[in-house]
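For reference, the chain that follows is the form predicted alone, supplied as structure tokens.
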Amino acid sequence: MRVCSLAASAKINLHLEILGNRPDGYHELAMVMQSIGLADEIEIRSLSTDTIRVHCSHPDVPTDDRNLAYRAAALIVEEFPSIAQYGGVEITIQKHIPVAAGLAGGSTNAAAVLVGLNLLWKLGLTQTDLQALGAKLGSDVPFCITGGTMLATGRGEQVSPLPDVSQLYVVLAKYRHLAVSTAWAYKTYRQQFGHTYPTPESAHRQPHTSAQSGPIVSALAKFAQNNAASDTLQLGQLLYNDLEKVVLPAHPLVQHLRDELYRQPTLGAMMSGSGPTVFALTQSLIQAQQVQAALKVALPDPDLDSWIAPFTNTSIRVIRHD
């Protein structure tokens, strides 16, 4: 029996800017995405029978074709019918990334399955090949194949590397009972702010461009080069997320949590992705621990979970392959 075990990292958005509509119904985006050390564990085992089985430690995660990890395996089988000779796979997901939290938990699981099956079945796919497959599953999957610090454009599937800033830490916090639908967040943003988008005619004449991602990209490069305190402070001040405009008014608890993290001695705080997770950026593990402890005192709610994670320069890590 062949086995491949992998760690699949969560991601946060340091920048999320909605630029307008796309012909395919998605939004045109400009994002800066960052992998963090909070990770799920994925184990893939070969089966003698021609089937795909998914197990998950979290009761709210579906184990059928609604699960992105399942769909990643099914996509590989569809794209490479000759692998039927190997039988099927059993995928076991040990969840550590909170569900429906804006941290790309499902996407990183799918990325891990693509990477793992490429190794398990010796498909010889390159990173570019895997990212192209991942784009068929979801906009965040191509990023999750590689991870690190990246600029993501298009609907989020077009990624290019940015300088490594993996010496930073984040404190993440989320109310356990809260979940925000990504589809709802983007749909609501379109309803409320769609009038600000370029018209199809003007967008055709002048492609969507990001007016705000440039400064944070420059700040990342400066920090990676100098690692100075002033550079990290600037980085924290440039955190930006358009989806806060619709999620925070609809979920006062998320707004309150974000405000509380702002009051702590951090570099900056923001909601990640479509939420409801909020993160605070810190320069060190010690500072992150102090912020986490202060947050527990300020908001002593048993429903509030928090985590500390370092930035990482990769997303999928192979633990075992035999």
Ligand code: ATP
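Computed from a prediction, not measured in an experiment: that's the story for all the values here. Numbers follow the displayed sequence, beginning with 1.
Same protein, other form: the form predicted in complex with this ligand, not shown, and the subject of what follows.
Under a 4.5 angstroms non-hydrogen atom cutoff, this ligand in the predicted complex lacks Lys296 among its neighbouring residues. In the predicted complex, Ala104 approaches this ligand with a heavy atom inside 4.5 Å.
Taking the partner from elsewhere, Lys11 is found to have a heavy atom lying within 4.5 Å of this ligand in the predicted complex. Under a 4.5 angstroms non-hydrogen atom cutoff, this ligand in the predicted complex has Asp60 among its neighbouring residues. Of the candidate stretches 249-257, 65-73, 279-287, 43-51, only 65-73 has residues whose heavy atoms lie within 4.5 Å of this ligand in the predicted complex.
Though this ligand is absent from this view, in the predicted complex it lies within 4.5 Å of a heavy atom of just one residue from Val165, Ala173, Leu120, Ile93, which is Ile93. None of Gly156, Gly236, Gly148, Pro98 but one reaches within 4.5 angstroms of this ligand in the predicted complex through a heavy atom, and that residue is Pro98.
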